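As structure tokens, one chain now follows by itself in the form predicted alone.
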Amino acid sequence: MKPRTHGGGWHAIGYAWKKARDAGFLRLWRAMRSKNACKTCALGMGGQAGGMVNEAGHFPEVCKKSLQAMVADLQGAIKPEFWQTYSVAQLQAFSPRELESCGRLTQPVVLERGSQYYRPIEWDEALGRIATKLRSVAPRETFWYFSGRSSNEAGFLLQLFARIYGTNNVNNCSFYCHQASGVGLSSVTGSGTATIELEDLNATDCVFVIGGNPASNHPRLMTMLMQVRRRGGDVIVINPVVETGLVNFRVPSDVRSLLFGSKIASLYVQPDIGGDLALLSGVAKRVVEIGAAEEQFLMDYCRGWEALRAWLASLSWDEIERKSGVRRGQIEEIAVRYARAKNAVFAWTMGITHHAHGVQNVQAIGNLALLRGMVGKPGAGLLPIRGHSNVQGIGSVGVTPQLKDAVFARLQQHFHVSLPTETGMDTLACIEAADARRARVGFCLGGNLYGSNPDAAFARRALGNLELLVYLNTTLNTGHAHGLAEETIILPVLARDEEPQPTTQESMFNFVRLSDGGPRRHVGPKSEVGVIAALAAAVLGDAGPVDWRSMQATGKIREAIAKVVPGFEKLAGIDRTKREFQIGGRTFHEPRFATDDSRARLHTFVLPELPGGGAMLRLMTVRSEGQFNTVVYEDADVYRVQERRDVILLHPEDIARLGLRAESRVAVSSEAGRMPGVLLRAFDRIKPGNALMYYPEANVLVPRTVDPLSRTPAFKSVLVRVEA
């Protein structure tokens, strides 16, 4: 594969053409133009303006990720004979891409320990088995895991069922990705979400892109970054790897950009993996030193300014350079560019959150933004770039081990129930409970719980200790092959644009979208809401406080959400009014924040030492350009010029220093596990001392080290040894 000089462009157009040919041009066009929110990232495409339109009304807005997800849902059905042909052992030999490409799930299947094959069963038997098991175990011995791709209605209904059943072991995939953002932002502004709207990006003249690769993972954001540069603004990229698309990107929907390319990064800085906290603090120190801090703003609208100023003054530049891996001159250049910005937006992804100090990383970003009054005004603010298209909404409607006080009180009052008050378990705690045999049943609404876990060997063993594990999915994934309990049941569900009733989703800009659903593509799969309501009725009965049969109507669920969740009052009539809306109390265009005294909070830290050195390398696990979260659509990673995934990428200096040979097979080991037979590749775009491997395959190397404040695993900071 030839090295690429840019992201997007004709390659992206060619790929879209290929996908359209595979799925059928007219069929794919109709699906993409339907009035449904995008199935991939939370940037906000689709809704009542129609597909390929963002929440600001711009058309066309589409990317490879949304095409990949749609084409996967347009696959044909898995035939009944598939289950007799492929044993579990054979499925375990399939790659993530091969499992995803097997076709759509259309019939419930069960695997009982001792059997070599899944076998199809009827819906009544499947739900009966699950209900019987749930009635036989203590509620505290169960856990309920939610994907961010489900609807607000399904998320709300399932967490309601779990709590009335008697447990708070309710959690979602954000604990393995952006939970550190939510906790960190809550400690800064009082709200755990973005502080800006999509339109604010049109008014900014400086965007920080920290620890992320939106050119691959959120391509539609690249249009906004292109426009910032065209307005004469700065895009400051902070990433241990020079990502092709963040240097130069050709936006397919813009003729000028498509033909000539668009420079994205005006400044590209490579810290060592784990060095972000020191780097961000160094920039803050320099901002104060050059007199660019907005002291009046800090005194009037923030708490902790005096402590922060004293702490920044106490930091030595030697410590900052040593613990960030960045020279002072580069840090000063960041500060100078930031100081001249009129409006700055700080955007980040899991390169910030996937560390043992992920919350502190987010707090340090908050410090930097508040130092110049860049939170609490239009065109400026904080933007966690979230993955799953409704992961934020799932959290908003109550999918969390501990409900907010207002939601808890309203939930009890609205349904006339008494909910459990014992502390619920987060995602990793549930896996650890399964390993200790304190959990007996797991229920997964979408996603790939096994594939998203650190320490893959541990996750496999822990899930294997469960008596029953239930998956609701549209296609196969590695969890169905490796995350197997004594009894494993897979229930086929409808995709978002096949739902028989409207559903809603929330973008990462706190904007609630309405999806109309659409015609089913296969006989067999059921609506997530229908499955949950039927199961709740079977377990809890119809005579209780909730009429579960009536809750099969998504409009009924929205009425409940509107009364229970603050900020969602407009949800009750959204299917009639078709008016999508911004959730109140989260966007800060004035310096009045959601804290108890309306002031933002500043934070100080103890800067962590950089791990590694000598024979040990700092490894980060990453997604490829042909993948979305745990779902792999293509083995090739075009922008990083890799045609396979069983690789480790090292700088040529490290290969020589360690006495290794590029293109040879090596063993990679960590405290968690060992991967033999990995192909070693020279990759001069990563900073020396650091390494890169693909997620989720490299999860076997990721230890269960978590940020203590958010319980987010440190997928991006793993110490490894590479040996011939």
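Just so we're clear, the structure is a prediction, and the values are computed from it rather than from any experiment. Residue numbers here begin at 1 and follow the sequence given.
The discussion below concerns the form predicted in complex with a small molecule, not included here.
Using a 4.5 Å heavy atom cutoff, 218, 627 and 716 all lie near the small molecule in the predicted bound form. Here the chain stands by itself, but in the predicted bound form one stretch of 285 to 293, 205 to 213, 559 to 567, 430 to 438, 205 to 213, has heavy atoms within 4.5 Å of the small molecule.
When you look in the predicted bound form, the only residue of 309, 410, 323, 623 with a non-hydrogen atom within 4.5 Å of the small molecule is 623. Here is the short version: of 182, 108, 381, 351, the single residue with a heavy atom within 4.5 Å of the small molecule in the predicted bound form is 351. A residue is said to contact a partner when one of its heavy atoms sits within 4.5 Å of a partner heavy atom; residue 446 meets this definition for the small molecule in the predicted bound form. Although the partner is absent from this view, residue 398 stays clear of the small molecule in the predicted bound form, with no non-hydrogen atom inside 4.5 angstroms. With a 4.5 Å cutoff on heavy atoms, residue 388 counts as touching the small molecule in the predicted bound form.
Among residues of the shown chain, residue 668 is not one whose heavy atoms approach the small molecule to within 4.5 Å in the predicted bound form.
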